[in-house]
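Next up is one chain by itself, shown in structure tokens, the form predicted on its own.
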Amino acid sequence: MISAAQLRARVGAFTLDDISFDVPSGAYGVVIGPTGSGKTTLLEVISGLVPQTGGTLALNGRDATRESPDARGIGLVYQLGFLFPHLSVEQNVMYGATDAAFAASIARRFGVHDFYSRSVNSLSGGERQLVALARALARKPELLLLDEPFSALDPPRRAAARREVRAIHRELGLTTLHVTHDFAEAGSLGDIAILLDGGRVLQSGEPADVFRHPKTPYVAEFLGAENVFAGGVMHEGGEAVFRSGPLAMHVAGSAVSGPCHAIIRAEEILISRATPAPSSARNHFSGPVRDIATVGPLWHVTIDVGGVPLVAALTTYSADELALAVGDTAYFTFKATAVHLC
């Protein structure tokens, strides 16, 4: 387990402040945040390479606040690999390993065994990352810290490396903390998501909860929420309604009256070319299509609702079926439960 409570550290002018989160034993934690938010520094504090200036840090139930880096039982993989240049690939993988057979099996799983005899100076960036992953795991660490470990890999190798890391994590019951900019990676790998910005934890919890229920509009926008509106909740005819300019949305639950923000993820919205049939969805909007764009595997369709853009997402198959074009009228429908207030 990794448990940080009000952890603080300073590197030059940058400060990590009041960092608190828990990654349970055997769980896979993912740290997300913009460039310069302190993600790498956080890993270095946990590994003992950067001294903490306050707070407490517990690793696998013991107080590690004053432990030396060597005593922490950590495998650390940096984005650039940082291999030993004077050693061969095999010697790098075996460095610190106590079980040669296990280390060799790890090397084979990452495809590193195929270039054991090569000098690390001859490796590509992706190959260096694979060797660094194999070296860290070959030691059977108690804890694994990963700093953008797949960034230099091409898509097929990245997918394969992700699967192997997750599989080895499960097999060894290895508590892991992984820094990434890739939200899809965070959602597919992580049991716990930690959002870091400006040296502070903005939110942490299960990835699905963090992504679908951000605590602030800033968190929502950073995590890619397409529809974030400032407005307020009022009660009309016994029902809670969020209003923002021309938008009036039914919201679920016992929403409290007053100013707030509403967040609707694009994938929660259904799109049609005609007025939709009656359903349990309470929110209905229509307007001319102003933009159609591909975003990864999805298409984003933006309509104009009284001068306010509203964005919905659909698959390529659905986009082909609807055959919408800019200027067409589209109808958007979503449930009251799809409106998240913060």
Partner chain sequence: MLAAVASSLLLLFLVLPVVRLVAAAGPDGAARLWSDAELRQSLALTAMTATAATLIAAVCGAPLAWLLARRAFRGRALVAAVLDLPLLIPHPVAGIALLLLLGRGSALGSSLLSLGLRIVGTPLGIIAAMLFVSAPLFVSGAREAFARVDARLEGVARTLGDTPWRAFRRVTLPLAARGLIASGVVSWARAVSEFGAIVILAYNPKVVSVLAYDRFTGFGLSEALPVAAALVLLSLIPLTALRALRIDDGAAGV
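Every value quoted in this text rests on a predicted model; they were computed, and no experiment measured them. Positions refer to the first chain, counted from 1.
If you look for the form predicted in complex with its partner chain, you will not find it shown, but the lines that follow are about it.
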| item | value |
| --- | --- |
| Partner proximity in the predicted complex: residue 35 to its partner chain, non-hydrogen atom cutoff 4.5 Å | no |
| Heavy atom of residue 280 within 4.5 Å of its partner chain in the predicted complex | no |
| Its partner chain contact in the predicted complex: residue 261, any heavy atom under 4.5 Å | no |
| Contact test in the predicted complex: residue 265 vs its partner chain, heavy atoms, 4.5 Å | no |
| Contact stretch among 194-202, 239-247, 89-97, 266-274 - heavy atom within 4.5 Å of its partner chain in the predicted complex | 89-97 |
| Residue (of 224, 173, 85, 253) lying close to its partner chain in the predicted complex, criterion heavy atoms within 4.5 Å | 85 |
| Contact residue in the predicted complex, from 158, 109, 212, 128 (heavy atom within 4.5 Å of its partner chain) | 128 |
| Non-hydrogen atom within 4.5 Å of its partner chain in the predicted complex for each of 47, 74 and 121 | yes |
